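This document opens with one chain alone, in structure tokens, the form predicted on its own.
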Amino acid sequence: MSETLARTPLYALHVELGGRIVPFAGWEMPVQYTGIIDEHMAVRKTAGLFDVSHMGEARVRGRDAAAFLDGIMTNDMATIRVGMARYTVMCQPDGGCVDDLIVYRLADTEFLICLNASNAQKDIAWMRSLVGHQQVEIIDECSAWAQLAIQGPVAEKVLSEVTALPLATIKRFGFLIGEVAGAAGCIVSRTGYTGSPGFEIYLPADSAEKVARALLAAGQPHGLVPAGLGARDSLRLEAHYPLYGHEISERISPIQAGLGWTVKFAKPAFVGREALHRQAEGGPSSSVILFSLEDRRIARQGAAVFAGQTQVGEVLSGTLSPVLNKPIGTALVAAGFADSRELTVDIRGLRLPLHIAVAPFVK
């Protein structure tokens, strides 16, 4: 029996714009419009507009909201200032990742959390299971919000044409709430998952098409293009941003993924602390590396990584970097091989040398 796929409020606009629709995390989403490389380079040179309305949202509020989040997240939650956001990971007791998230502090006792699309319902159920006797309410707002990401060097110029919000005052990971293209109650944050400057806009779902059309119209003279999931993936990999199910998962902890900076051991106990502390002190059994290839072939997820004749890992993500014009990727390799110059990857029976790279691939 085939799965019924969900559609964002912008589905009809994607079809109108010629987007190639594919299944993704239970949704029908545009993978590209004119082409992944064109859209990728637009985000690096001018700007791209992404529909990320498939992402989930949950509101956490109540007297104990900050303390509750501190107890289930790796990063410091209680110290987030109102009007700021913070990237964090939510872990299982064994240190594996439930999800990586961005937490926005709306008020002293109120937060909005952005959840990965494929994990949204799992995340909400997980959080609710941990409330206990704390005075906290967790509200599923996934259907209430749409989300747009406008990313690239001219993003601020384009967005400023459809909002009176003082965008220049928004710091990295800061946000303002106001009107965008006539839609009230929008959260405009200086965040994004491309490595290029820009904003993410949370807006009422019924305003999504009006705002997207206004942005596309304002941005056309500046080189703004609609961009799909294909470019989003190559952009985030160039910037070395992890994707759930690839660089982090239930079997890959934030310590293994190189996200140790998100794990604050100085704060009181949080879920997964003991397991993560053991990994941090003794070294994890495996870790994520970045690599490039001099060949034109792309090492895809699941490809085996070898040291000599022994398999020591597997590829997590792989794509062509349009900026570097060569294949790049990430792999999970056993302890002791993260700095090896003798690693190879098996691509359809051909062993190609991996060149260890330093994050990010593209600054």
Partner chain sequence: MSNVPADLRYTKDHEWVKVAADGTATIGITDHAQAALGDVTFVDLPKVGQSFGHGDVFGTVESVKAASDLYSPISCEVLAANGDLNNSPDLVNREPYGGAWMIKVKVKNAAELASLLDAAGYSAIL
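Positions refer to the first chain, counted from 1. Since the model is a prediction, treat every value here as computed from it, not as a measurement.
FYI, the form predicted in complex with its partner chain isn't displayed, but the following is about it.
Please check if residue 328 has a heavy atom lying within 4.5 Å of any heavy atom of its partner chain in the predicted complex.
Answer no; every heavy atom of residue 328 is more than 4.5 Å from its partner chain in the predicted complex.
Quick one: is residue 61 in contact with its partner chain in the predicted complex, heavy atoms, 4.5 Å cut-off?
Contact check for residue 61: no, nothing within 4.5 Å of its partner chain in the predicted complex.
Test of understanding: in the predicted complex, would residue 46 fall inside 4.5 Å of its partner chain by heavy atoms?
Outside the cut-off, so no.
Is residue 302 a contact residue for its partner chain in the predicted complex, using a 4.5 Å heavy atom cut-off?
Flag for residue 302 set to no.
Quick check: do 121, 124 and 128 each get a heavy atom within 4.5 Å of its partner chain in the predicted complex?
No: no residue has a heavy atom within 4.5 Å of the partner.
Please pick out the stretch from 66-74, 303-311, 331-339, 35-43 that is in contact with its partner chain in the predicted complex, where contact means heavy atoms within 4.5 Å.
Stretch 35-43 is the one.
Is any part of 296-315 within 4.5 angstroms of its partner chain in the predicted complex by a non-hydrogen atom, and which residues would that be?
Residues within 4.5 Å: 296, 297, 298, 300.
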